[in-house]
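Encoded as structure tokens, the following chain is the form predicted alone, with no partner shown.
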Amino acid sequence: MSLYCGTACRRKFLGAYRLLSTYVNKTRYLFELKEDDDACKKAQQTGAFYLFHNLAPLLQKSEHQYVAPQHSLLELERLLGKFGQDSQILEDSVLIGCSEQQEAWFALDLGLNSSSSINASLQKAEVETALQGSFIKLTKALFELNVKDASLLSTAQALLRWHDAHQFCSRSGQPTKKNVSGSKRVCPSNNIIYYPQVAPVVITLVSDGTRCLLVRQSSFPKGMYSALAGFCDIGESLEETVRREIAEEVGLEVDRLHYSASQHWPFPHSTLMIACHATVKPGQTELQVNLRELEAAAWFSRDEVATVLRRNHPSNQQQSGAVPFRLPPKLAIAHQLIKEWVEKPTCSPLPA
């Protein structure tokens, strides 16, 4: 009996492993490439590269959206040779992911002059002509990319920007050196290791039970309202940040708090958006808007917000009517947070 049980348990374990093995193998492969320079160099030989120029990705237009073309190492070497560039610039590439078949994906900026490049950056127009694409700012293209490309290019831009801004040690002032994958930089003079960092930001949809609070900043596109958002201060917990931001910006005190989801956000720099729902007590909903932080804030009913969600085209969102405002685009976690509130009036609470 015990032998049978042991065999059955092993079979059950192996079955579970097979279900997870693709993800686990992919994750461990990426970890190996980040830690082993030789393995990462080998992966570049068969990997694919996404190209940037001054942090703008190379894109091609396909019907109603942009696509991000991939290039092999051989294609890049030919391109560099065509413009009289040394292949040393390839050392500036950063690892951004891999396929389930363990094809490594890298990003390379042809327009940034880094400490490891001995040549000037390539001219934007010449590269665009050669590769039949355009270098387009991510702020313009992000919402016209598929989910996979949007995630990869956001990661790539964040890493490329971080390396461009951290070429010198803050302690010694000496040049730092990146490892092959770009997962870290090291100061040779004191061995201090620098890792890419992301700033945590809470984004919170406040409700009084029947209405939600939407706000706008002067930097928002015309007519757009969103959820409250703010950076976490040093020493704060997530819950403390949510309560402080709501108190600072609209003068309300949180009664209950629920976590929803998170999202990497590349603008203006790399941030981790932590989305939450918060409720305030009925009768304690009078707004005192901090005009140094916000341009406007107002309560909206579920029907009003649902009406705006049904408007698929931005051109229709500006039409006259009962709800003359816009919401963030679908790819933004703020949109998902608002949609969740409309579709699921109650959320399971987490300890606040």
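Numbering starts at 1 and runs along the sequence shown. A quick note: this is a predicted structure, and the numbers were derived from the prediction, not measured.
Another form exists, predicted together with a small molecule; not displayed. Remarks below refer to it.
message: Since only the chain is shown here, I'm wondering whether residue 72 would be in contact with the small molecule in the predicted bound form (any heavy atom pair within 4.5 Å).
response: Because no heavy atom of residue 72 falls inside 4.5 Å of the small molecule in the predicted bound form, the answer is no.
message: Is it the case that residue 231, even though its partner is missing from this view, gets within 4.5 Å of the small molecule in the predicted bound form, heavy atoms only?
response: Heavy-atom contact with the small molecule at 4.5 Å: present for residue 231.
- prompt: Does residue 35 reach the small molecule in the predicted bound form, with heavy atoms at most 4.5 Å apart?
  reply: Answer no; every heavy atom of residue 35 is more than 4.5 Å from the small molecule in the predicted bound form.
message: I'd like to check something about residue 193: if you look in the predicted bound form, is any of its heavy atoms closer than or equal to 4.5 Å to a heavy atom of the small molecule?
response: Residue 193 lies outside the contact set for the small molecule.
- prompt: Which single stretch, out of 241 to 249, 175 to 183, 146 to 154, 92 to 100, brings residue heavy atoms within 4.5 Å of the small molecule in the predicted bound form?
  reply: The contacting stretch is 241 to 249.
message: Just to be sure I understand the contacts: of 273, 187, 108, 159, which is the one whose heavy atoms reach within 4.5 angstroms of the small molecule in the predicted bound form?
response: If I apply the 4.5 Å criterion carefully, the residue I get is 273.
field: Listed residue (207, 85, 226, 260) with a non-hydrogen atom within 4.5 angstroms of the small molecule in the predicted bound form
entry: Comparing distances to the small molecule in the predicted bound form, the residue within 4.5 Å is 226.
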